[in-house]
Ligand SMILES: O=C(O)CCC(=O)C(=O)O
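Taking the form predicted alone, here's one chain by itself in structure tokens.
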Amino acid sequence: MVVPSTTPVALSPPRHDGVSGGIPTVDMSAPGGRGALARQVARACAERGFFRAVNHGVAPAGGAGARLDAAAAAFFALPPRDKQRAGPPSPLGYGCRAIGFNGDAGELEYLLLQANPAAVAHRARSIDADDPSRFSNVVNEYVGAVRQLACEILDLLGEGLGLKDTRYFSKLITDTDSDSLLRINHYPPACTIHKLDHDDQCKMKSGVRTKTSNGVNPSAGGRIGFGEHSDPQILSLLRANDVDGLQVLLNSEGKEVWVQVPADPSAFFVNVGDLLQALTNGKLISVRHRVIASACRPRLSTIYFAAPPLHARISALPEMITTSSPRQYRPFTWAEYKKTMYSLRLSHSRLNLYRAAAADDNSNVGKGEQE
């Protein structure tokens, strides 16, 4: 089922510490101790599926993040013909406007890279023809730092959820066959989009759509930079410049509302992915989000998608299945889920296709991965 977008409205005032405008903020320096930090991370992922991580110790000013931003900015400043040598995306490589294979479009251009040194080095030959190692070294340095932060967050989740093996989640993304990705998005200034000299694939138009009582209607306000979706992987870590645009779909008093995420280039924004929702039997929420391209300055964002190997079996952990919380999703592999993802539109709710049959729910209580 396609879930249409809605107009952004404000959430009610925050009800507890660490939440501003509906967006939880987590201080990764753990001023209250590791136990309190683990509980805070787990609570944010269960209540919102999203949080702002500060004092994380990764990508400080002038560090790996700044070097990657400079390399990305240099690439996106190249003439269209030079950039197109790194594409078209299949799905990796350079892409413009077209997102995926099913008609989704946005006001952006991007690089999508496999997050391993060999793959980055291979792709770098078409991204930085003058000195491929210059680009690959910068990307691999950044990936190493962000993967370490992702592992720390996943281990904290394991502790906060009371898992027997608190490193279960992080082991999935540190496997040598991990299918993790790095995506670099560049959103040109909205006020100059119509002047850009793109090729035919970059001339697709998109409009914001709103959810109303009468159905789905186009809206005159803004353009879709990147359409509504959830991330299919385990966890996503996003870092962007100081330009607004990111919105998350949150629940407020029983209603789903779009909430603008204030830009913060010093922070990481952490999203729960579909696989983590399935692994926790729905305890953690894979948040839906989008980007609205309305600023008159370019927006640059970098997202690390932490994913398991293709053969990894995704099944709710035993601790997550109880009599009062029976199995929600049937077991599947990441390869199977990824194939489904490519067959659907961006906004489809993929996990709904993996719902466990009602007749099987109670029989699987307590079996977890032993099924």
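Just so we're clear, the structure is a prediction, and the values are computed from it rather than from any experiment. In case it trips you up, residue 1 is the first one in the sequence shown, and so on.
Beyond the structure shown, there is the form predicted together with the ligand, which is absent from this document and is the topic of what follows.
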Would you classify Ile314 as touching the ligand in the model of the complex, given a 4.5 Å non-hydrogen atom cut-off?
no
Answer with yes or no whether Leu246 is in contact with the ligand in the model of the complex, where contact means some heavy atom within 4.5 Å.
yes
Can any non-hydrogen atom of Val291 be found within 4.5 angstroms of the ligand in the model of the complex?
yes
Contact between Ser301 and the ligand in the model of the complex at 4.5 Å, heavy atoms?
yes
For the spot marked by Ala64, Asp69 and Tyr142, is every residue within 4.5 Å of the ligand in the model of the complex through some heavy atom?
no
Leu250, Ala86, Leu238, Cys151: which sits within 4.5 Å of the ligand in the model of the complex by any heavy atom?
Leu238
Contact residue in the model of the complex, chosen from Arg147, Arg183, Arg97, Lys283 - any heavy atom within 4.5 Å of the ligand
Arg183
Go through 321-329, 301-309, 49-57, 31-39 and give me the stretch that gets within 4.5 Å of the ligand in the model of the complex, heavy atoms only.
301-309
